[in-house]
Structures are given as C-alpha cells and as structure tokens.
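First come two forms of one protein chain, each written alone as structure tokens, so that there is a structure 1 and a structure 2.
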Structure 1
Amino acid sequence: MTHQEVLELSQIVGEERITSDEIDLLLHSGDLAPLPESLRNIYGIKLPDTLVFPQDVEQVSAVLKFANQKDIPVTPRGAATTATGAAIPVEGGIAMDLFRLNEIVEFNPQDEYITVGAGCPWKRIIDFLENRGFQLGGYPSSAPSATVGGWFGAGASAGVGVPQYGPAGEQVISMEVVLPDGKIYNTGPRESWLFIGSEGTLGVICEVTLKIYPKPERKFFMYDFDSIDAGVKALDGLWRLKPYFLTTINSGLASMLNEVGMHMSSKPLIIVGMVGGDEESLKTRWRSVEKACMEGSFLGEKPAEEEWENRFKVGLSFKTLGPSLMALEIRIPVPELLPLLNELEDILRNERWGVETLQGDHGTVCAVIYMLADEREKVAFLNKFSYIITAARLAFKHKGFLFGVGLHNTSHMNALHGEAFHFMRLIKNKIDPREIMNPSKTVQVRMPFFMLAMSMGMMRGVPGLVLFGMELASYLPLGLLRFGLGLMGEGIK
C-alpha cells in the first residue's frame, strides 16, 4: 500500500483506529501455531501494510469499498486462535481486527435470542447468559479469546453444545455481513451458511443473532475404560444421547496433565460429559448414560464438574512441559477413533503425545493430537512440523477431513471436496471477483500439494538440509520466491 492509501484509510476509520507500526503489524501477522521463520519465507508471507480496528459496520463497509477499488487484500481477524494460518494476512494489505465490534447488542429473553458483535469473545456471552439463566447452543472451547466472527469463520462445527444442538450454524437466526464491495447484507438462517466456514474469504461478519435456551438442570459424568475399544464404544452410544458437553482424554494426555498437577486416571481412555434437562428427563438421560458406559468405571460427578469448569484450559495446561506444543486437528467419525489411536501409537512412538477429542456434529469427533516440542531446537521442530501432512493422510484414511483449511491445508481442497471445490471457486469469483478477501486461503491454493508434500517429506527425512535450504531461500528476493510459488499455485487454481 502507498503512504497515500494508508492516509486515506486513516480518514475512513479515524487515526486512533489504525496503526502501521512495525511492532503491531508483526503481532497481528501470525496465529496460534509458531510458524518457523523459514516456513514463513517459503510461503512468502508478507507483513500487513496496515492494521485497522473498524468501529462499526459502516466503517467495515467503507474499508472494504476502498480496498476493492484499490485492489488491496483484506484479512479479517478475530483472536487468531486457529492454527491453520487462516487469519494470517499472507498477501499483506489490510489486517482488519474486529475487536471493536464486541458489544452484546441485544438480549431478548422472551423471544430467546441474543445479538452480538463479531469481535465479542464467546466467554463474555456465556457469562452474560449464565448470570441470567440462559445458555448458548454452542461455543468453542477457546471461548475466553475466540470471537463470534472467528468461530463462524472457521466453521463452528465442534465444541461445547454442538453434540446437543448440532453445528453452531444452526443456531444462527441472522447475520450482518459486509461483502467485498462494501455492501451490507443481512442474511437469514439459510444464507448465513454461505459465510460459515468461509474463513474470511467471502466477506466480513459484523453481527450475529443467535438462539438461546433457558439453562436446564445439569448433571456431569466421568468414566474411565480399561481399553480404548470399550471407551470408543461408549462414546458411540453417548453422542447419540445428545449431551451438551462430551470430550475424551487418552492416557498420553492424562499423563501430561498429571505431570502438571492434575489427578487423572491412567486408564487408556477417559470420557467426560454433561447432560441437561428437567428433573424427569434428566433421570431418563442419566440412565442412558450409565447404560452406554456400562463397561467403564464411574469416577463421580465432582471431578467431572471440575473438568467442566476447566474446559477452556485443559488442552493447553501442560504446555510448559514442551515448552512448545504441536496441535494437529482432524475430524473423523466416532468409530474411527479406535484405529486412529492405535495407528498413532505406532507413528508417534518417539514423541511425547496425547489426544483430546471434542464432540462434533453428526457423530464426528474433532481429535486434537498434541505433541510436545521445543521450537528452539530448529531442526527437530521442523521435523515435527512435517506431521501436518501426516495429519492430512490420517484424516483421509479414517474417513474424515481436516479441521479447517486456512493456509496450510489449501492444497488438500481438491481431495477434500472434489467437484464441490470448483463450485466453491465459482462462488468466490462471483462474490469477490477481485479476490481481495483473505487471498491465498481456502479456495486459493498458495502452495501446490506436491510442493507441500515434498517439503514436508524432506523436513521429516533431512530437516537439517531443509532448514539450510530455507535459510538460503530467505536471502533470495522474496518477490522472486513468491512469484515462483504463485505461478505453481495459479496452475492448480
């Protein structure tokens, strides 16, 4: 962007809502995964030219109109808690942080809905509703930071509430979205689906109206199982009972949690969950839970409730053991969890690892594979980074798919969606013909699959050499590298 363009933009949003300070740009250019500098170079990731914090939907619209006229990329950003590179402004341009749209706009307990700004962290809504006797139909377990717009942008298909109420898209009554040309568009429940999971490539979600439910009586359960087989069988029965919360922890994860002071059972699989209802229906549901978990041992309601209280923290609480952590997320049908865990035993035999599953929609689980690492040991870390490609292979093999596309998984789009991928590209071309919205993501292949597979394969085999190559590549003019990769990416498109 030129200096003049940044100036014009600052007139649109106001000087106090824009920064081009290198420090701020740097901090708003990554996401949850610590991406090695060398890999950033390979991808050709640029710093954004500027960072804006629009104050309302009108400002979002004005920024997009301006960017569209000038062909400037815009990448919407929530809390950047995704690890697929989805929120990274790869092509530079404008990083748009939706932080200021963080209000609870309307709470309507009579008609049972709530309207919230896209930048609002989920926990604020959860707390607000809990204090007033209501609950949401779904939210991510990253709720203290993850934003409304970010979760819907990422698909909102696994999390708390989802096993009971289905994918959170079904909770949407309407959305206020700004299209890439700046048009403000109010969707109904059906059209909202177009933007759910679009990872910021079709427009900016500004406000969402969601269904809410009176908070029922709750009952918590925790079981452990002598075999993974028995545990997965129980899980397969449990998700059908539509619990509000359902998660599993394998022994690898339990052992890491114990090392940081928790008191988890060391059996192969632990299941934790919660069901809600009125007194009568709760009794029936509780009996069904007991039946499904017949082969397990009941560990009590209290530890289960503690797990629930701790639900946002569990997955990260042991990170100090790394101190870095690789997290690979795949979505598979419940019965596939057994072969997946068995296969992981073999693949990750030299790693310290564990698995947590979050229940998704339609009997799927989002399996998060955690692996301890130390990013300061660059060669070993690159080696571990290459498990990204292993995760994709495992997902496909186990009849599932990747949890999110973003930047790192774009090359699998064809494999994932087949014909539908071309349909998705058609939609993208129609809505965003100038391709300003979050370019290089999701439907635009940044790095062709063979290239990704090759580099990841080499990272596994000879990470030292890859590191050397990458360091060397970083001395090449970035433009040249990007040009080369871009060409290959274009070919795939």
Structure 2
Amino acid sequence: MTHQEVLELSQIVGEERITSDEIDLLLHSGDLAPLPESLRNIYGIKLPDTLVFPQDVEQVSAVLKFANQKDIPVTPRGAATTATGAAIPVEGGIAMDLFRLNEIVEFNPQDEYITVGAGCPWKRIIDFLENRGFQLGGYPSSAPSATVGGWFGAGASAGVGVPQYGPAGEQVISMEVVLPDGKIYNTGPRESWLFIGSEGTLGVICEVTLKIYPKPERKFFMYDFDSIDAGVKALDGLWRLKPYFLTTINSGLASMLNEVGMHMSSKPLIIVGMVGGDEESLKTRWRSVEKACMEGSFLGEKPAEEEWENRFKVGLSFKTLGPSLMALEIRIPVPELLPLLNELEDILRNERWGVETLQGDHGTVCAVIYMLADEREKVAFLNKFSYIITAARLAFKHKGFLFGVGLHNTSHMNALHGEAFHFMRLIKNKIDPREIMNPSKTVQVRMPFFMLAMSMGMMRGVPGLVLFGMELASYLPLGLLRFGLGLMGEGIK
C-alpha cells in the first residue's frame, strides 16, 4: 500500500483505529501456532501494510469498498485461536481486527434468540445467558478468547452443545455480512451456511443472531477406562444420548496436565460429560449413561463438574509446558478413534503429545492432537511441522477430514471435496472476482500438493538439510521467492 492509500484509509476509520506500527503488525501476522521466519519465507508471506479496527458494520463496509477499488488484500481476524494459518495475512495489505464489534446487541427471551457482534468472545455470551436462565446451542472450547465471527468462519462443527443441538451453524437465524465490494448483506438460515467455514474468503461476518435455549437441570459424569477400546465403546453409546457436553482425554494428555497441577486419572482414556433435562428425563438419561459406561469406573459428579469448569483450560494448560505447541485437528467417526490413537502411539513415539476429543455432530469427534514444540530449536521444529501432512493422511485414512483449512491445508481441498471443490471455486470467483478476501485460503492453493508433500517429506527425513536450504533462500529477495511461488501457487497478488 502506498502512503497515500494508508492516509485515505485513516480517513475512513479514524486515526485512532488504524496503525502501521511494526509491533502491532507483527502481533497480527500469526495465529495460535508459531510460524518461524524461514517458513514464512518459503510461503512468500508479507507483513500486513496496515491494521484497522473498525467499530461498526458501516466502517467494515467502507474499508472493503475502498480495498476492492484499490485491489488491496484484506484479512479479517477475530482472536486467531486456530493453528492452521487461517488468520495470517499472507499477501500484506489490510489486516482487519474485529474485536470492537463485540456488543450483545439484542437479547429476546420470549422468542429465544440473541444478536451479537462478530468480535464478541463466546464466554461473555455464555455468562450473560446463563445468568438469565438460558444456554447456547453450541460454542468452542476456546470460548474465553475465541470470537463469534472467528468460530463461524472456521466451521463451528464441534464443541460444547453440538452433540445435543447439532452443528452451531444450525443455530444461526441470520447473519449480517459485508461482501468484498462493500455491500451489507443480511442472510437467512440457509444462506448463512455459505459463510460458515469460509474463513473470511467470501466476506466479513459482522453480526450473528442465534437461537438460545432455556437452561435445564444438569448432571455431570466422569469415567475412566482400563482400555481405549472400552472407552471408545462407551463413547459410541454416549453420543447417541445427545449430551450437551462430551469430551475424552487420553492418558498422555492427562499425564502432562497433571504436571501443571491438574489431578487426572492415569488410565488409558477418560470421558467427561454433562446431560440436561427435567427431573424425570434426567433420571432416564442418567441410567443410559451408566449403561453406556458399564465397563468404566465412575469418578464422581463433583470431579466431573470440576472438569466442566476446566473445559476451557486444557489447551492453555498444555501450552505452559511448551514454550509452544502444535495443535492438529481432524474430525473422524467415533469408532475410528481407537485405531487413530493406536496409530498415533507409533507415529509420535518420540514426541510429547496428547489427544483431547470434542464431540461433533452425527457421531463424529474432533480429535485435537497436541504436541509440545519450541520454534527456537529450528531443526526439531521443522520435523514437527511436517506432521501437518500426517494429520491429513490420518484424517482421510480414518474416514474423516481436516477441521479447518487455513493456509496449511488448502492443497488437500480437492481430494477432500471432489467435484464440490469446483463449485466452491465458482462461488469464490463470483463473490470476490478481484480476490481481495483473505488470499491463499480455502479454495486458493498457495502451494501445490506435490510441492507440499515433497517439502514435508524432506522435513521429516532430513530436516537439517531443509533448514540449510531455507536459510540460503532467506538471502534471496522476497519478491523473487514470491515470483517462483506464483508460477505454481494461487492467491499471490
């Protein structure tokens, strides 16, 4: 962007809501997972030119209209709690932080809905509703920091509430979205699905109206199992009961959480859940829980309720052992959890890792594979980074798919969606013909699969040699690297 363009943008949002300070730009150039400078070079990533904090939908509209006219890339972001690179503004341009759109706009207990800004953290909405006797139909495990727009952009298909009410997209009554040309568009329930999981590549979600539900009486359960097999069988029975909350923790993760002060069982698999209902239905559901978990040991309602209170802390507690972590997320059918965990035991035998699952819809789980990492140990980090392609292979092998696309998983989209991928590209071209919205994400494959597979294979086998090559490449002008990448990749402006 030119200095004049930045000046024009400051007139749109106001001088207090724009910055080009290098520290601010660096802080808004990544997400949950670290991406060392050498890897940023290989992807040809530029820092954003400027960062804006629009305060309402009209300012979002004006920014996108300006960017579309000037052909400037725009990358919207919430709290950037994913680890796929979805929030990384790879093509520079404008990074748009939406946290100021954080109001609870309307609460209607009679008609049971709530309207919230896209930058509102989920935890604030949870607390607001529960204090008034209501609950959401779904929210993420990163609720204290994750924002409404960010989670819907990432797909919102697994989390608290999802096993009972279905994917959170089904809780959407309407969305207010700004399209790439600046038009403000209000969706109905079906049209909202166009933007759910689009990761900010089709427009900016600014406001969402959601169904809400009366908060019922709750009962909490927690079981541990002597074998993963027995635990997965119990899980397969439990999800059919449609609990509001259902999660598992494997022994590796439990052991590491105990290192940071938690008190988890050491058995191979732990299941924690919660069911709701009136007094009579709770009795019936509780008997069903006991039947499903008959091969496990009941650990008590109080410990289960404590784990419910800790449901947002697992990832961050694990990270304290870091200094950093990698989080690979795949979504698979429940019966595939046993072979997946067995295979991970072999693949990750030299790593410090653990798995937490969150129940999704239709009998699926989102398996979050946590692995400790330290980007300062460059060779070892490259080796760990190569597990990104391993996660994709495991997802396909176990009849599932990747949870989140972002920057790192675009090369799998064709194999994942088949002919539907072609239609997704047509939609992108129709809505965003100038390709300004979050380039090189979802349907724009920045690095072709053969190149990604070759790179990841070398990172696994000869990471030192790969690092040497990357450090040599760092002496080349970024423009030359981007030119080379542009001969094969997409979304490079």
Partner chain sequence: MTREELIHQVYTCATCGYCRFGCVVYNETGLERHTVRGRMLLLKKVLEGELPLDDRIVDSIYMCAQCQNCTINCPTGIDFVEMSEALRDELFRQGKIPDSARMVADVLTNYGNPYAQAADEKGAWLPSKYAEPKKSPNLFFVSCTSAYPLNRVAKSILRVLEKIEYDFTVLGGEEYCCGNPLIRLGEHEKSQEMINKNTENFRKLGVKRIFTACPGCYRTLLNHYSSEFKIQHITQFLLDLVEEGKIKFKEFPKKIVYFDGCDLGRHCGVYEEPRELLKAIPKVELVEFEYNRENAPCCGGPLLGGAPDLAKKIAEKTLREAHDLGVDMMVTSCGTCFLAFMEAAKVSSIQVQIRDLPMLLPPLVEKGE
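Because the structure is predicted, anything quoted here is derived from the model rather than measured. Numbering runs along the sequence of structure 1, starting at 1. The term rigid core refers to the most C-alpha atoms you can superpose between the two forms while keeping them within 1.5 Å.
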Q.
The form predicted in complex with its partner chain: is that structure 1, or is it structure 2?
A. 1
Q: With both forms fitted on the core, give yes or no for whether the Cα of L179 moves by 2 angstroms or more between structure 1 and structure 2.
A: no
**Q.** Per-residue C-alpha change between structure 1 and structure 2, A373, threshold 2 Å, rigid core fit
**A.** yes
